[in-house]
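In the block that follows, a single chain appears as structure tokens, in the form predicted alone.
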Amino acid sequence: MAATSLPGTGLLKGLGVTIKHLFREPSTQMYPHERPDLAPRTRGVIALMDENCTVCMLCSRECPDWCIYIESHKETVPPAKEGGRARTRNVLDRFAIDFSLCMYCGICVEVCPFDALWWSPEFEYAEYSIDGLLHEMGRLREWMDTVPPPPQLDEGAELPAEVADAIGKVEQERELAAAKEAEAQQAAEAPAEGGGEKAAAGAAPKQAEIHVEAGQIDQETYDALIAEGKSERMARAKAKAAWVKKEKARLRAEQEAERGGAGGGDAAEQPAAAAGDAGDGDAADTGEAADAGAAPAKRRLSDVEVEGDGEIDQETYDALIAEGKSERIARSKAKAAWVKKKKQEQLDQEEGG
């Protein structure tokens, strides 16, 4: 028969526990007067860095509760370089999270490829109505200020690629700014002699200041890109940019030549006065030199226009097919080879004539 405890033993044990804790300090935190000590990476609420959001919709598609609402519109971005084409981008209009549905799984934070969503330790966002738990972009952006910084890297660890690129870009900008300041300081310390020549040289328009309307293409660049197997759209775009660049260089050379001719008028009068006693033989030699200088420059392949579209160089086509190239690449390279041969034949005929 099992032994039974004496009556009142349980009561004495309970009183012992009570007396034991009677003289201890309470562990209860008097919230909200005392703030709790949270872990550094506490999952309190999801914050939004709207500057990083590209409206890729990954977070909304991956959310198992469908509690993320995103709205955007498209805007046209002008080309970065002259001769390029305009692009479109999505601009974020609305980003809202319904925390009455969110189960704090963190999938949206993990799948975001541009670090637009972060965990914030903030937890005081209770509302009197369930409709108030639908927080919009402004409130989510305010919580971004409470996100703690990422933990420090271990000693000897490599920086992330994006951080290293950002640091390199800042250092490069600082070096360029320092070089510009040094050039400005040297120009300020330079003597005033020859200031007119520097001013005249500075007045020459730079290649970037000359505006050229795009529309034509550089045939030589186009043929070379097609021969390399590039798509027609890419080849045409790069050929347009090459034509704009060459046209700018030509216009700049013409302006420099006009400026040199206008400034050399006075200098040309001095040799004319000094050559008053010269004989007819010298004048004849000068005329021959002028005629020789006026001879037209030799034409290049890019200056020759060839009529016809669709012809291919059969020998080149057969050789590329034998090498295992695809029919598209072989046909494009054979077309370029045919155009090049026709241009060379036309040049040879003009030189022979």
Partner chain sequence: MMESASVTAEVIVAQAVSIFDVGDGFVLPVLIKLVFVLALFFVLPLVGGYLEHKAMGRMQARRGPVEAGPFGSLQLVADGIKFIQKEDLIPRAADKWVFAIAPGVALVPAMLIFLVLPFGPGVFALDLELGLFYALAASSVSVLGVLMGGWASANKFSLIAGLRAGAQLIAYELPLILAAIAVAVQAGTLSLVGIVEAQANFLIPGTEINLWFVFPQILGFGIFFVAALAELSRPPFDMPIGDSELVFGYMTEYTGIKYAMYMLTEYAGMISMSALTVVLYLGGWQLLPGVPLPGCEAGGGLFDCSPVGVISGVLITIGKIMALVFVMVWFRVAFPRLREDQLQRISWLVLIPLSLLNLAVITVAKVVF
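In this text the structure is predicted, and so the values were computed from the model without any measurement. Residue numbers count along the first chain shown, from 1. Superpose the two forms; the largest set of C-alphas matching within 1.5 Å is the rigid core.
The protein also exists as the form predicted in complex with its partner chain; that form is not presented, and the subsequent description refers to it.
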Only one of 53 to 61, 39 to 47, 315 to 323, 23 to 31 sits within 4.5 Å of its partner chain in the predicted complex by heavy atom distance, namely 23 to 31
Margin query: Is it the case in the predicted complex that L11, L15 and I19 each bring at least one heavy atom within 4.5 Å of its partner chain?
Written below: yes
Next item on the list: With both forms fitted on the core, give yes or no for whether the Cα of Y31 moves by 2 angstroms or more between the shown form and the other one.
Entry: yes
